[in-house]
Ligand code: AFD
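Only one chain is given next, in structure tokens, and it is the form predicted on its own.
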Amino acid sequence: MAHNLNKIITKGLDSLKATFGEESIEKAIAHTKRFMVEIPGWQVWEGFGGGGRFEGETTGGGARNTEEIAQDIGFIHQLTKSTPDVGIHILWFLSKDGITGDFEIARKVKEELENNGIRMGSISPTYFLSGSEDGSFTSQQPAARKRYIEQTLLGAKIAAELSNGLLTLWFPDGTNYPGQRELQQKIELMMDCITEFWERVPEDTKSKLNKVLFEYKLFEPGTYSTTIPDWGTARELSRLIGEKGGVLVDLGHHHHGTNIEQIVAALISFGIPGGFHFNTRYAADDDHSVQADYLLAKIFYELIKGDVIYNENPSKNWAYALDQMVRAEQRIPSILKSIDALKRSIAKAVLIDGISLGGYQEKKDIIGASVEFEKALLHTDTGPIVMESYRRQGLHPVPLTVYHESGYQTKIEQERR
């Protein structure tokens, strides 16, 4: 089988080189090899999912605690060398009671991760558990707002001292009906709480933070309004943080048909720090595993063109993470599929011939430019490039195959009953 796979890779690369040239293929392999994506701890945690469309039987083997989360994501990193960072939600993983966070638990989790060859990544305060029915930073109850501000301060401390300096904020605040709450009041409360939070962050902590990213969401859990419904609102709120404030884009958080790559282009052009949560959605924010489709390839084209993915200055690079809901399928295979899709899409974006495309654009040859663009982003199979990038790292060209052959899934299903 390995012999046949090597033949497939070689023939595939030869075909791609005939179309795009050897230099372009080598560049695509190098870029694909370098790409890293964060895996949030909740992606392998058995506690993630339940209620609504996420209810139902799991496939088994979900991690029951942070130690098992570290083991699972550490194994994924062994197979791919692409997932060194683990995102952490405070009240899910760094709390004894689900109400307040604990810095000492964070120290323990950091050690568990490092023992498995990975590290703590983005830190996310948890604004959507019990007590947030009226909102978090926009709650009408001062005590509730105070509790969430304190948790965000702890998140900044953990991010600065124990992780990579990335703090990500997603607020579930919204309403289900017109008149339920005053919309302007909710925005004003959000602004007041963000301002108070940032004013209370010690200067030493601020200096160690890399980015504070605000995620936006068109709907849900509020079905009439969300307090941060679009990237413009997220950007205005992030201004309260200063130069380290930015915008976090989730693919599922938009109207169908939204030109997301245009949003990406705008954020980059305006010099706004950014980040991505990758997934695929068909109906709403259903967060399926990632597909290597035309949309994703166009997004990566803008990210690479904007020099926010391989920039030599780490502060210029965006933050990249998965955010998918894998209730029905096996969790680790779902993640491995997504990593493959991301790498295939990066390779497509790298294969764009900028000189040829620029020539068509300069001549105002609209169809010529479109054909040139689609040749790489829509019509090319970059699977051989991804497989070769793994092979050059001493890995199996198809990590999902190794996973199935390892017996790891059977092992965790038996041990974690």
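One-based numbering along the sequence shown. Quick caveat, the model's predicted, so the values are computed rather than measured.
The discussion below concerns the form predicted together with alpha-D-allopyranose (AFD), not included here.
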property	result
Listed residue that, although alpha-D-allopyranose (AFD) is not shown, lies within 4.5 Å of it in the model of the complex (heavy atoms), from 302, 340, 85, 323	323
Position in contact with alpha-D-allopyranose (AFD) when the complex is considered in the model of the complex, options 236, 161, 293, 285, heavy atoms within 4.5 Å	285
Among 113-121, 194-202, 254-262, 214-222, the region lying within 4.5 Å of alpha-D-allopyranose (AFD) in the model of the complex by heavy atom distance	214-222
Heavy atom of residue 128 within 4.5 Å of alpha-D-allopyranose (AFD) in the model of the complex	yes
Interface membership of residue 170, alpha-D-allopyranose (AFD) in the model of the complex, 4.5 Å heavy atom rule	yes
Residue 77 within 4.5 Å of alpha-D-allopyranose (AFD) in the model of the complex, heavy atoms	no
Touches alpha-D-allopyranose (AFD) in the model of the complex: residue 298 (any heavy atom, 4.5 Å)	no
alpha-D-allopyranose (AFD) in the model of the complex reached by all of 46, 327 and 408, non-hydrogen atom within 4.5 Å	no
Residues in 262-280 close to alpha-D-allopyranose (AFD) in the model of the complex, defined by a heavy atom within 4.5 Å, in order	277
